[in-house]
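The form predicted on its own is given below as one chain in structure tokens.
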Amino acid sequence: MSAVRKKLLFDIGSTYFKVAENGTIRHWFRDFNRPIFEDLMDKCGDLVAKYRPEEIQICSSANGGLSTLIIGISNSFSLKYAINIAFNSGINIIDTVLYHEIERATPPVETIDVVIIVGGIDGVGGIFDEKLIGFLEKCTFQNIVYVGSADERNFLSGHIRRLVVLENIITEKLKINERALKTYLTDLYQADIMGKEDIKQLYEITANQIFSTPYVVNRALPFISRRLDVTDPFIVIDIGGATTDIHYSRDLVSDNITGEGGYDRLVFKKLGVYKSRESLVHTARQNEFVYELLNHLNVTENVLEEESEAATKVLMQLAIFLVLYKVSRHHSEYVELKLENLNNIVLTGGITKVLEKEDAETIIRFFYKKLLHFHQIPEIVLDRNYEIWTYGMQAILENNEATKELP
């Protein structure tokens, strides 16, 4: 805790500025008509002036994150492992393609930040051919990385310009090897933050690295029980203006993926309630249970078109339902969590400024009864002061101090 008290901490979200100083947290709603840096300095300039750049630590989710397309040869290993690493690196997955179906796959129309190609253990060759090259020629992407069998490297490097080749993420024992790809994606994420003009300007007030907020929140999970009344297993749902994230411990997952940390996260780029409101409404309209849910809330679908406090409240409730749906056994594209085993669901982010505990309970009770056929629900904890990110900052700062003290 001492490391935190010597620092001024900022979380620059897409909707709120959060500031922590001497254990006190304050929030400001952003002025979307002004650049982030200009708005921040207008609201917090006097506070910033009290600290040296070395004493100011910033995290941000305002850049929205990077997007990826993953091409792999199997669902069981290559796609599953690459999806896991991408999500844990804060990368948003736009699409996945099984290689034996690539001739029938539709290339994404949007520009992809990074394409990941993966497949086979080292020693296995003859996996990829001209079909892959033809598919990639129809895609628009900024970066491309290969993390599969070493035997395919020469062929791919000879046909794909600017291809980055890293260690295979599948070991000879079919275990996940995440370090090289995770570092590459995390560095890309950081470079993207620095490249965004609004975020880049924040380096005028800090001499420290700017972290992504999902990364910082994930670092807080091992320490949450010290400050909040929660017990394992639990999940943290962070619903903000641009994205919705779920943080969870790996013992909630049946898949035998053994990584470095005990906690993972999923980032849903299109399920925010302000910046990505339109895509949230679209996703809700496509869900088979949402109209019954709206009826349960005693509102009509017209509420989705409204610009009101009541509509924002319903959208936040829908966001809770949709993220639980996406990690349940009713949805196959994401990691399935053992939701029936949960003791607690912790809600954090901008949602805690709008919803009361009973608002969240209504949705979660509907989800558990309708989709899981459970009548009991996990205990709900609201991070009302939105301070979980400060626990993550504390963990990072204390780790840095401990590293300095090593001989």
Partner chain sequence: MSLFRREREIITRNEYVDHFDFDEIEEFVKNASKELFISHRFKTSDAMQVQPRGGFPTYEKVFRLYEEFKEAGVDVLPLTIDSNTRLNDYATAKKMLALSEENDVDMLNGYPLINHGYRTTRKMITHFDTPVSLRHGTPDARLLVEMALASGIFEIEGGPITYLLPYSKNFPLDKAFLYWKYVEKVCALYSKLNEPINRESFGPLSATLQPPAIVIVIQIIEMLLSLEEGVKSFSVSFSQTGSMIQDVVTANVIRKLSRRYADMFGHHDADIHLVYHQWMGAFPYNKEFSDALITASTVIAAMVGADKIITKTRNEAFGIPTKEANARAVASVKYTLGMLKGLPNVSDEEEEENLTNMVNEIMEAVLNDSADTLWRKVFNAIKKGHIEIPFSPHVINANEVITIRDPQENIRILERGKLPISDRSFAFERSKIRLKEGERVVDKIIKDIGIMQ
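Residue numbers count along the first chain shown, from 1. Just so we're on the same page, rigid core means the largest C-alpha set that superposes within 1.5 Å between forms. Computed from a prediction, not measured in an experiment: that's the story for all the values here.
Quick note: we don't show the form predicted in complex with its partner chain, though the next part is all about it.
One stretch from 363-371, 346-354, 40-48, 25-33 that, in the predicted bound form, holds residues within 4.5 Å of its partner chain by heavy atom: Checking each option against the 4.5 Å cut-off leaves 363-371.
Would you say all of F77, Y291 and N302 touch its partner chain in the predicted bound form, counting a heavy atom within 4.5 Å as a touch? Heavy-atom distance to its partner chain in the predicted bound form: all three under 4.5 Å.
Among the candidate residues S328, T312, N287, N143, which is the single one with a non-hydrogen atom no more than 4.5 Å from its partner chain in the predicted bound form? Filtering the options by heavy-atom distance leaves N287.
Consider the chain as shown here, without its partner, and state which of K175, R153, K200, K138 has a heavy atom within 4.5 Å of its partner chain in the predicted bound form. When its partner chain is considered in the predicted bound form, the option within 4.5 Å is K175.
At 4.5 Å between heavy atoms, is Q209 in contact with its partner chain in the predicted bound form? So Q209 does not count as contacting its partner chain.
Quick one: does Y81 come within 4.5 Å of its partner chain in the predicted bound form, counting heavy atoms only? Y81: yes, in contact with its partner chain in the predicted bound form.
Please determine whether T171 contacts its partner chain in the predicted bound form, using a 4.5 Å cut-off between heavy atoms. Flag for T171 set to no.
Distance check, N298 to its partner chain in the predicted bound form, heavy atom within 4.5 Å: Answer yes; at least one heavy atom of N298 falls within 4.5 Å of its partner chain in the predicted bound form.
Residues in 11-25 close to its partner chain in the predicted bound form, defined by a heavy atom within 4.5 Å, in order: Result: empty, none.
State yes or no: after fitting on the rigid core, is the Cα displacement of Y81 between this form and the one not shown at least 2 Å? Result for Y81: yes, a 2 Å-plus shift.
Sense of the change in Cα distance from F77 to F234 in the predicted bound form - at least 3 Å versus the shown form: Residues separate in the predicted bound form, at least 3 Å farther apart.
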